[in-house]
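First, one chain by itself: the form predicted alone, in structure tokens.
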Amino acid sequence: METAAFCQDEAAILQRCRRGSREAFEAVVNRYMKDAYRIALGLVGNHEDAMELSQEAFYRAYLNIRLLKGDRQFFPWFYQILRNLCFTHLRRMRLRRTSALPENEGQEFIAAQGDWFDPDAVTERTELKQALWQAMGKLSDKHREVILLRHFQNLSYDQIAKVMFCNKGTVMSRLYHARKQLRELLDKEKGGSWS
């Protein structure tokens, strides 16, 4: 099902979901499963956990779909379920160990076309990727979340405000502070060479 067609028919599909249609809910899952996985991966930093948490979020959404009011869109409602599961998972992990988030698997950074196979460029990309994800792991949950939604999911400020149930000013403020903290962490790691 195409994204544009899905968006036009979302209200009807969600109505069928509320009446218990598994096929309709499967269409919802197919539409949002990649986004759910990417968000979970960005929040928890581990492929297996991201898969499990995104699947659990869909399962909980399916069990509670009747609670979604007819005038609301699915994704902002679903995002809260996924977000809460991820943050609960992170709290449990922090209690078990105090180390930083594991290195992210499966995240792709696209380099300039000409230097893809250059050994120095490959090494530099790998180091940058590791430093970035280590720094992301040190951000607070709310700062990591806003960076993820803006820079990895490419959501607008308005879209972020909608899924986080806050105003646009709050999003802008959090993003400003998150970027500042991320830059400071990267600068500290590389002795000021990230500026």
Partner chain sequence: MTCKDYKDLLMGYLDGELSQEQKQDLEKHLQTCSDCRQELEGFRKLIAITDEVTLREPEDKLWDQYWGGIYNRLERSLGWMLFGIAAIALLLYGGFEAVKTLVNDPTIGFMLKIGICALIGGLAILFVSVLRERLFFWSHDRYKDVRR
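Note that the structure is a prediction, hence the values are computed from the model and not measured. Positions refer to the first chain, counted from 1.
FYI, the form predicted together with the partner chain isn't displayed, but the following is about it.
Heavy atoms of residue 139 never reach within 4.5 Å of the partner chain in the predicted bound form, leaving it off the interface. Residue 149 falls outside the set of residues with a heavy atom inside 4.5 Å of the partner chain in the predicted bound form.
Using a 4.5 angstroms limit between non-hydrogen atoms, residue 54 touches the partner chain in the predicted bound form. The partner chain is not drawn, but in the predicted bound form it has no heavy atom within 4.5 Å of residue 18. Using a 4.5 Å cut-off on any heavy atom, the residues of 156-190 that reach the partner chain in the predicted bound form are, in sequence order, 156, 157, 165, 168, 172, 173, 175, 176, 179, 180, 182, 183, 186.
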